[in-house]
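First, one chain by itself in structure tokens, the form predicted alone.
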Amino acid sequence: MIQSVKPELVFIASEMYPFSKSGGLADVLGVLPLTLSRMGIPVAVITPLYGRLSTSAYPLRLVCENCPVGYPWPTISADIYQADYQGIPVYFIDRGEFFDRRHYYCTAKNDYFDNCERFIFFCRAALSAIQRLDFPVSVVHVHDWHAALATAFVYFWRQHDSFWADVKTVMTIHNLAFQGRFSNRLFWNSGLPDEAWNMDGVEFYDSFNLLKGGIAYADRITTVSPTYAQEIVTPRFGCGLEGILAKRKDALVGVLNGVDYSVWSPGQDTFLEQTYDLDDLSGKAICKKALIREMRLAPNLENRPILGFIGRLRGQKGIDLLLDIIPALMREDVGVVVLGEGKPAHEARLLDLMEKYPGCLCAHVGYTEELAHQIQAGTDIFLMPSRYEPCGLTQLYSLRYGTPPVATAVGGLKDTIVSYPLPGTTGFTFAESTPAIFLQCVKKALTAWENKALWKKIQTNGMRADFSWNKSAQRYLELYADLGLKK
């Protein structure tokens, strides 16, 4: 049953689990609004109606036909559909030529050529839906570059439109590397005033930067871990936007992402061969046997460590570092399981190594939710050699599944992993993203694995760690309250 009170807090995002998902953004949108709703906040989410949309369990109904948008030409409009997701309304922006495609943002070869137009349209349509449906909105919370320009539109509209006069905006950066940078010509009919085109606005080296616009005009800027908030105001991690982020540092805060333990918990995970928990870890060995069968690993690996990697096969995630050390790992008599897709060169290299080490290195190029859960449960050590990591969710999952992570000490990984040999160790971290240092850290974890009492202590420390959304949602509530949202 959808909440009867109209939403005062509206999320705008390009994906939301369980309807659409390409990464952690969807997971966040699938649980943060729910958590806030259960805390008593009238909330709604607006997202695109993609061609690839999972709505079979959530019937859609048309709530607004021909909602005016006026971009990219005056007569264009959108249809707005609504679904009930565990008590909160989710609104879908429907415009077939923009969203009825096989993929969300790109093909295997390239980004869609009209992504700028698609997501300007999405921002304007989402705001138009809020006004047309007459939401008593206090705060609009937008996520990543796809929704970022909504903050700029609100900033300028509230100067002359009474509907937006008291509306505040929050911009969350999930990954600063993805900015939505396009040709400057696309700015001039976006609907933003000419004054937005300046070095403190949307202009970025004579290009139109959608994320920069979100940063420039939001009332508050958040990112998904405290350490990442500190990192992105520096040249090393700022991706060229460190200047404007430093300028807006007083509005910037890091709020650690959380985990939906109703989905990611080995004690109730329906994807697993056998559930297990902190009090009885015996089911993890059964899950390991099942993973060996599923991935066609050598049977003798039942008694040796199996290392797991889940993530995009791109430089950010350090997949090249893992591929570089595979020969050395094979000499340690371990198994390696990889799940992900990404850069074709990395995919090809991974498949070549699989042929070289059959039964010891196994990969699934692509992504399935079921296999992601099975890898978390069935492996012994989880690998996250990221060059940067705004928050990371997979290491939080691995902690709960008793699979200690080996990770780079950056961003959210630094915030969430207690590194060996510190008291309360939950995993292993390393400082430099080089194959040699990564391998050295993996070997440290393998040595600890041999000490069964020590390893069980590390496992149970991680399984006890609480990264549920309640604490993070409370921090967002405080931020919204500062902007005028009343609970």
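All of these numbers come straight from a predicted model, not from anything done at the bench. Residue numbers run from 1 along the displayed sequence.
There is another form of the same protein, the form predicted in complex with a small molecule; it is not shown, and what comes next is about it.
Of the residues Gly318, Gly311, Gly335, Pro404, just one reaches the small molecule in the predicted bound form with a heavy atom at 4.5 Å or closer; this is Gly311. Residue in contact with the small molecule in the predicted bound form (any heavy atom within 4.5 Å), chosen from Pro74, Pro358, Pro235, Gly366: Gly366.
Only one listed stretch (145-153, 384-392, 236-244, 125-133) carries heavy atoms within 4.5 Å of the small molecule in the predicted bound form, and that stretch is 384-392.
The small molecule is not shown here, but in the predicted bound form it comes within 4.5 Å of a heavy atom of Tyr397.
Not displayed here, the small molecule is kept clear of Ile325 by more than 4.5 Å at the level of heavy atoms in the predicted bound form. Contact annotation: Ala372 falls within 4.5 Å of the small molecule in the predicted bound form, judged by heavy atom distances. Looking at Leu339, you'd find a heavy atom of it within 4.5 angstroms of the small molecule in the predicted bound form.
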